[in-house]
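Just the one chain here, the form predicted on its own, laid out as structure tokens.
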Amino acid sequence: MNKRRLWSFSFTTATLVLIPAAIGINYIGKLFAGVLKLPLWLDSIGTALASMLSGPVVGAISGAINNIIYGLTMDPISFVYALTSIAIGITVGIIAYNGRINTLWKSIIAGVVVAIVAAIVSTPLNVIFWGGQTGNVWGDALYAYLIAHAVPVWIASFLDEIVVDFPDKIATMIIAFLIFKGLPRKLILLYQSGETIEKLD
């Protein structure tokens, strides 16, 4: 895959099918985590998979549309976190392009990188719209403790976010990697050139 292909906005039929599939995976993951009240979000699995298959542009679009749909149907605040989903899609797509998600261990490392990126993007949004909190029980408990001990809001908010993003994004990348490895090679070839397949396999 050359650089033009990496950042291409020219979508094939296969790509147009992948985007709604990725959105569906994201949506189901978020609903699953919400219903079970898990200390995770699990709303980026489809975004990560789309990025691994078709690059950062498709992953970013899948993630952003998912936030828009979820914002329209479940929680309006989800709209603003489309920015985080775009950042996740771009990050995973670049990591995958460079062949850094070809083993389970590397998918875990990728999850750590994605978690840091997501926390950096989400923290200002949390401060603006939630007073620094994330809406996650575990993270907000840490936030309350830090604020009670005079830790600055921005630092407390970042730590609130990262304490949830680490396990969430690591789980997300592991699941996306396992799905990717389970896909038929012919299906993967619909999305990627031989060079990219060699990097990701």
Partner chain sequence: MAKTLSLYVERNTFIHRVDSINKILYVLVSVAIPLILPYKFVAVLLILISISFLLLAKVMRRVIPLIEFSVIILLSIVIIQGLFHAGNKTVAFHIARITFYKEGLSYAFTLSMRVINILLAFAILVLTTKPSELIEALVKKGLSPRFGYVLSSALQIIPQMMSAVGSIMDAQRSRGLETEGNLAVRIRAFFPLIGPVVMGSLIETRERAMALEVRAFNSREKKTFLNERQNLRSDNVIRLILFSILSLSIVLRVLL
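Everything quoted here is computed from the prediction, not taken from an experiment. Positions refer to the first chain, counted from 1.
Omitted from view is the form predicted in complex with its partner chain, to which the following refers.
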TODO: Answer yes or no: in the predicted bound form, does its partner chain come within 4.5 Å of a heavy atom in every one of 25, 31 and 191?
DONE: yes
Open item on the list: Even though the partner isn't displayed, in the predicted bound form is residue 99 close enough to its partner chain, meaning a heavy atom within 4.5 Å?
Closed with: no
- [ ] Report whether the minimum heavy atom distance between residue 143 and its partner chain in the predicted bound form is within 4.5 Å.
- [x] yes
- [ ] Find out whether any non-hydrogen atom of residue 128 is located within 4.5 angstroms of its partner chain in the predicted bound form, and reply yes or no.
- [x] yes
Task: Contact of residue 52 with its partner chain in the predicted bound form (heavy atom, 4.5 Å) - done: no
Task: Stretch 42-79: residues contacting its partner chain in the predicted bound form, 4.5 Å heavy atom cut-off - done: 49, 53, 61, 65, 69, 72, 73, 74, 75, 76, 77, 79
